[in-house]
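One chain comes next, on its own, written out as structure tokens in the form predicted alone.
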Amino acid sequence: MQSSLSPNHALFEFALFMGDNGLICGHRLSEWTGHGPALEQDIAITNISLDLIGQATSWLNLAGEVEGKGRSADDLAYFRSDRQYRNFLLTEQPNGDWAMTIVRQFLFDCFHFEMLQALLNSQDERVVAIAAKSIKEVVYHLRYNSEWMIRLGDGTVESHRRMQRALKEQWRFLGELYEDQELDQVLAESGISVLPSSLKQAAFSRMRGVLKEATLKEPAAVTDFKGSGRKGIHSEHLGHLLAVMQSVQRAYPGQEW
């Protein structure tokens, strides 16, 4: 069956998806500012947050450009409801303790790195430019979170317990990350992006390598959320996050620093 989605609309939705994941992850990590377990980690996690928000700005600017309705990255970030956001359920989950945050980010990093690597071969030069800049930062994010996975997983009895608990809690969201949707088929056929399912083998191989070194057991099952977040169906956590993130712009629309 031929898709009803045009390549242009598919690219718009894809740019929102990439931007929203970066924005929501970035906002979650920003919540650690001033609360990190040590000053060095407080600064490191804040810098990763800034990287992701910068990447989100690039993707959302591309979405606005493709849409052609004059909406900027700020408009798309601050004036959409939760049902209009396209991020994974994984990225909106609360920080919890340091173990929960590290596991969430590590699982996302493994997907994010493989996706950006694939996008370097996109037929759209704008996509290639964003991916080329972003992947340099994500290489560091992945290394940082992998090191923490190993340090805590193969650390004390307590740190291992917390990491295993966090892994069980977050692992259930992995199915959505590697699930193909109609727009992915359109973009793959256009040479703009790839099918998320094509990234799974490499991403899981990387994850399993780190888990083995961290002496952590891979949870038994991955829940199939049928692309929930990408379709705008989110957990209760996103609405609260957006209420905080969007509060100033909604109270004073159009204000600039």
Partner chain sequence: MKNNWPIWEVFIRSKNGLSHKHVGSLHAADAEMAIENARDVYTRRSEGISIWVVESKNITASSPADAAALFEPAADKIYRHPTFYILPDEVKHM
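Residue numbers count along the first chain shown, from 1. From a predicted model like this one, the values you see are computed outputs, not experimental measurements.
Although it is not shown, the form predicted in complex with its partner chain is what the next lines describe.
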Quiz item: Are all three of Asn47, Tyr144 and Arg151 close to its partner chain in the model of the complex, meaning a heavy atom of each within 4.5 Å?
Solution: yes
Practice problem: Given that the partner is absent here, state which listed stretch (109-117, 182-190, 136-144, 168-176) has heavy atoms within 4.5 Å of its partner chain in the model of the complex. | Solution: 136-144
Quiz prompt | Interface membership of Glu218, its partner chain in the model of the complex, 4.5 Å heavy atom rule | solution = no
Quiz item: Even though its partner chain is not shown here, does Ala202 get within 4.5 Å of it in the model of the complex, heavy atoms only?
Solution: no
Practice problem: Flag Ser228 as yes or no: does it have a non-hydrogen atom within 4.5 angstroms of any non-hydrogen atom of its partner chain in the model of the complex? | Solution: no
Quiz item: Going by a heavy atom distance of 4.5 Å, is Gln41 a contact of its partner chain in the model of the complex?
Solution: yes
